[in-house]
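A single chain, nothing else alongside it, follows as structure tokens in the form predicted on its own.
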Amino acid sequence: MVSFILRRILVSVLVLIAASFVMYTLTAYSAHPLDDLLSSSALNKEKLIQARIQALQLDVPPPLRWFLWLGGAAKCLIPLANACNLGKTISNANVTDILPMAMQSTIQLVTGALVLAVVLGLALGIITALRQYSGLDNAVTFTSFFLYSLPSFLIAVLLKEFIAIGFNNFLVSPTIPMGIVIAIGIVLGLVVQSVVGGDMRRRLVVGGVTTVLSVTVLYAISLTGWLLKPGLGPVFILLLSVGIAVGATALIAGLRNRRALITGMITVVVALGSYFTLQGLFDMASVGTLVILAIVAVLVGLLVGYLMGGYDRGQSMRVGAITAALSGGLVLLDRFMQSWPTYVSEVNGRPIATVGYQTPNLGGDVWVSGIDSFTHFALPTLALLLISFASYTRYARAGMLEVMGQDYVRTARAKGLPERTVVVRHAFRNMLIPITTLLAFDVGALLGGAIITESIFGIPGMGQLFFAGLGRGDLNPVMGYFIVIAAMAILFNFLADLAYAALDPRVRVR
């Protein structure tokens, strides 16, 4: 393992150095960084030109200038020396100062899109594979290919028009017409009954109950004006948390495992108690406080599972951790909802933003600022999600269908194992192997920034940094972008190689 890691590091460094030379040389010859000054009519034009030549070392040929840049970039590897030097921009700003801000915006944008794309893609891929050639399978396949084929700028424009502007106008009088309520309820009923499956009677019962519940909830939301003053409250948190506990138990351990189910229910009681006891702390909470509370919640779930687990503590601990994390998330969501009216009044009743990454001069606590970040990143995140989750859905479906036909899956069924055990323990793990490769490439690509999406929504991320630098011949920001993306691509491909050994016992990393 150690020799493998050392060889990969050595090869990666050599590849990075060679690629940086090619990138530096091509970018340096692609545009001239003095074009704006040469066409300027300023009286001190010559002084400005000489100052830029000196600051950017433009009197040195690009291949030789690359060695100077490489020497400064190599200092970034020295820990705690604070000697990193990636050069200056045309506007005389240090690249090391602007790069972290661009990375922060891009990470905020792509993290949510990547996580949701993986989770939704895997879930829909597995469900459609288990319901092969059903109505749900055909609908998901059509939707995936349709969204994947749409250009990103068109999706962004449509989201601005129908989600942002439409929803902001809707909030003036948030009343949902009864026809739309019934239509949404019927669609949800059809989707849920297709996912659950079974005989015709079971499908009709599930679809009917889902339709009635959906229509009732949507009508109550419209009647009470819930969208203006939203909240979950202890009753809904309890009901949703119980559903989470039952779902996590059914998925991980099976409902026959009473210890795991009891673990989930005890965790729900703890989460409900935290709803009442933490309200005072929430009023003066910070981001660090919320992170600590999240860690504590997961640890409490693990502890409850360990104490109640019996002979198979692993299953109970996983059920407890998942239930604690999601139930705690509901408690935090309710607290964010309590600050929604304050935020809406601060932005003059137009909460869904179409440009930028934050509202200028917005005051407020961590809850208001959190809602502000959400409303600014919701649309660009959704735009990236709609494009990227299709590939995960197709890979997951194809991988699950292939795995379900293998001999070891048939052997597991022949031994009489429940279908949940066959899918979750035997098929799911091996289905993840091709997804690991796709994920490794996607992380590097998404961290590079979505240039079109960032441009349309006015987000100053990595994509914008690269695009602006390349357009005006600003070499050092382009190379700063390159070094981050190349390093991330190499790192996550290395992690993918290690993940293969964890997922497939036939693979050995040596």
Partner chain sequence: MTITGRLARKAIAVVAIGAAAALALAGCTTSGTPTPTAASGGTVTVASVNDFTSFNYNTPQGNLDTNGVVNYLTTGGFFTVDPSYKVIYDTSFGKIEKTSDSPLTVKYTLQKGLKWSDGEPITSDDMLLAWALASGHYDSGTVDADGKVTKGTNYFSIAGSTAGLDATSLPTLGTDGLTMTLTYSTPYVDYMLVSPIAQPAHVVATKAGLKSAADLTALLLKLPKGDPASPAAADPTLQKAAEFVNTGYDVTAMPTDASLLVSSGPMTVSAFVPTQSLTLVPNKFYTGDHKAKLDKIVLRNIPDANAQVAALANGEVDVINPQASADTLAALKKTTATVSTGSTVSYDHLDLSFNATVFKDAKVREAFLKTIPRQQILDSIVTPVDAQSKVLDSQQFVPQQSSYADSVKNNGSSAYDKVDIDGAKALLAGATPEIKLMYNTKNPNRVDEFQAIQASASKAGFKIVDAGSPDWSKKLGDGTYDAVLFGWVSPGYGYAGVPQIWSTNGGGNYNKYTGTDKLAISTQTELDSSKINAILAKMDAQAFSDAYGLPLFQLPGILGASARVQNVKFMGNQTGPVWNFWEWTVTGK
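In this text, all values refer to a predicted model and were calculated from it rather than measured experimentally. Positions refer to the first chain, counted from 1. Note that the rigid core is defined as the largest set of C-alphas that superpose within 1.5 Å between two forms.
Below: the form predicted in complex with its partner chain, not depicted.
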query	finding
One residue of L382, V296, M337, I262 in contact with its partner chain, assessed in the predicted complex (non-hydrogen atom, 4.5 angstroms)	V296
Interface residue in the predicted complex among S214, T106, S274, T354, criterion: non-hydrogen atom within 4.5 angstroms of its partner chain	T354
In the predicted complex, L188 touching its partner chain (heavy atom, 4.5 Å)	no
Heavy atom of A414 within 4.5 Å of its partner chain in the predicted complex	no
P360, heavy atom within 4.5 angstroms of its partner chain in the predicted complex	yes
Exercise: M178 in contact with its partner chain in the predicted complex, heavy atom 4.5 Å	no
Candidate site S39, G364 and I456: all three near its partner chain in the predicted complex by heavy atom within 4.5 Å	yes
In the predicted complex, segment of 225-233, 161-169, 252-260, 239-247 with a heavy atom within 4.5 Å of its partner chain	161-169
Interface residues of 19-45 toward its partner chain, as seen in the predicted complex [heavy atoms, 4.5 Å]	A31, H32, D35, L38, S39, S40, S41, A42, L43, N44, K45
Core-aligned C-alpha movement of P62 between the shown form and the other one reaching 2 Å	yes
CA of S455, rigid core aligned, shift of 2 Å or more between the shown form and the other one	no
